[in-house]
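Only one chain is shown below, in structure tokens, and it's the form predicted on its own.
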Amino acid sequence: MATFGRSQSKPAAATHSARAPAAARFAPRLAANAPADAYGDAVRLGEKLMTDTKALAPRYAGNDLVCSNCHLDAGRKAGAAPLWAAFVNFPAFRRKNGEINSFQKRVQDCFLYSLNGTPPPLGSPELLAIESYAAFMAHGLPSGVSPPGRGFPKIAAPVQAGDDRRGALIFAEKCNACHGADGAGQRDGDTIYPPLWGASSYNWGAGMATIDKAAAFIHANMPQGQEGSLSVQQAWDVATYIDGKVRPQDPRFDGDPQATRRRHHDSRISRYGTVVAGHTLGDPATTPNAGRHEN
């Protein structure tokens, strides 16, 4: 399948999924067309950071994912959390941290949770480049209006609860070829198929660690080349299976999985702190934390 998209170090500049939301007609500008000046250099660096995150930001990226594993087509693809659609909706209040967040602050959280790393400082060259790239692509969109194609297309929970057994069968059929039976991902030349669990994947604080967000992403975007082929139930089952695996600790962990669940994960869409296959997810004794580092 891939459940979280592959990344290429040199993204195709104008590729768009034929299954992108029908209403998403906005065409973001290409970084290659940015001006030949300092701003244009920042825009082009921002695009490269999306696809070569660890190589270009080794101090801050703590795992084997790159930004474009979730923000497909280097943050251009509608329905795959495109940067241009997010940019025009910041600053914004986020319940996750109870603060008004700038666009740069939101990107910091991607480094902290999805990349299991250390957030670059506000105003750093990395954050300025990603912000410049998002702003360049968003040219022409009204500020404060959520455009079609923002985020992942929401889906309602299916009638049946997510099921690990069904999810494992779907994963074996649709996902193994790219992500491996152990979910550790793989690299094929410049193409990165990201790890979905284990020490090199996103941590428990990432949005993808919640079943509803992972299912929405999968339903809209996976398997790549067959987008929309999975039913809502199938997407929910495989998201349940993936998010029932061991992964790095939530950076907000306060020493006790149950207390951390009550504070940050008290929902049926999170499996943190629950027992799966005899293991309590988030238990420090069995939770890998490889990759995180401090400046």
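Given the structure is predicted, the values throughout are model-derived calculations rather than measurements. Quick note: we count residues from 1 along the sequence shown, nothing fancier.
Another form exists, predicted in complex with a small molecule; not displayed. Remarks below refer to it.
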item: Proximity to the small molecule in the model of the complex, single hit among Ala138, Ile192, Ala220, Ile211 (heavy atom within 4.5 Å); value: Ile192
item: Partner-contacting position among Gln224, Asn101, Thr118, Ser124 - heavy atom within 4.5 Å of the small molecule in the model of the complex; value: Gln224
item: The small molecule contact in the model of the complex: Val43, any heavy atom under 4.5 Å; value: no
item: is_contact(Ala31, the small molecule) in the model of the complex, heavy atom dist at most 4.5 Å; value: no
item: Non-hydrogen atom contact Ala78 with the small molecule in the model of the complex at 4.5 angstroms; value: no
item: Contact label in the model of the complex: Arg150 to the small molecule, heavy atom within 4.5 Å; value: yes
